[in-house]
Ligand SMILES: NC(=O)c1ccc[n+]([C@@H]2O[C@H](COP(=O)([O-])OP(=O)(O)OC[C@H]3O[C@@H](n4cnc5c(N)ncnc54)[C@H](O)[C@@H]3O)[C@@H](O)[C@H]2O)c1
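Shown below, as structure tokens, is a lone chain in the form predicted on its own; questions about how it binds or moves come after it.
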């Protein structure tokens, strides 16, 4: 059954996919707490939309337990509960071979990409249970299934998101809570541009073309497309859809 309203947390809200998700939820009349590290970046990126829901810009680090505990409590105090959370916060980290990669990079990527999901599950799910149900959507990657040379930490983090998603889906299925994951391939965002530059530092356009050539439909995903898949899982997916990973990759997972 479609939900046209409710209150939601979106992490990584200042990025391309995050800002698109905030707009789409707000356009449906939902209240949104938009979480990201920098208030100025949030304010530039996020538009409240036209649906009438309340938008709260909340500078916070989704990988820090005190921050997550605080913004979940703030959302509950403000709106009386939550209908769900969309975990989008993520970084690609450094590009390096496994034998040369830094431990600091591994720790940072795992913290931002996977620990943040764990913490939001930890603090949001009890709120959803108390309210009688809800939804969690996390952002994985097509690299949740595959590997990628020089991106070992990123691959590991997205495999971890897949595992967290599946475990929580099984744990809370009888509590009316759906836990799913949207898994994009390369997206036309700032992160996509950085990956393109890493592939070919001398010609970013050629690096971008490598990513495009990997997609059977011959283009990068747009932020709106990835956000729409996640918002569908969050608001509209039937109650029997639980514990799945939804590729948004132009057909790449079918190859």
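Not measured: the values here are computed from a predicted model. Residue numbers count along the first chain shown, from 1.
One more form of this protein should be noted, the form predicted together with this ligand, which is absent from this view; the next part is about it.
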Which of these stretches, 150 to 158, 96 to 104, 125 to 133, 168 to 176, has heavy atoms within 4.5 Å of this ligand in the model of the complex?
-> 150 to 158
Non-hydrogen atom contact residue 40 with this ligand in the model of the complex at 4.5 angstroms = no
Consider residue 191 of the chain shown here, and say whether it contacts this ligand in the model of the complex, taking contact as heavy atoms within 4.5 Å.
-> yes
4.5 angstroms heavy atom contact with this ligand in the model of the complex for residue 17 = yes
Is residue 75 one of the residues lying within 4.5 Å of this ligand in the model of the complex, judged by heavy atom distances?
-> no
Answer key: of 33, 186, 26, 229, within 4.5 Å of this ligand in the model of the complex (heavy atoms) is 186
Considering only 115 to 134, what residues come within 4.5 Å of this ligand in the model of the complex, judged by heavy atoms?
-> none
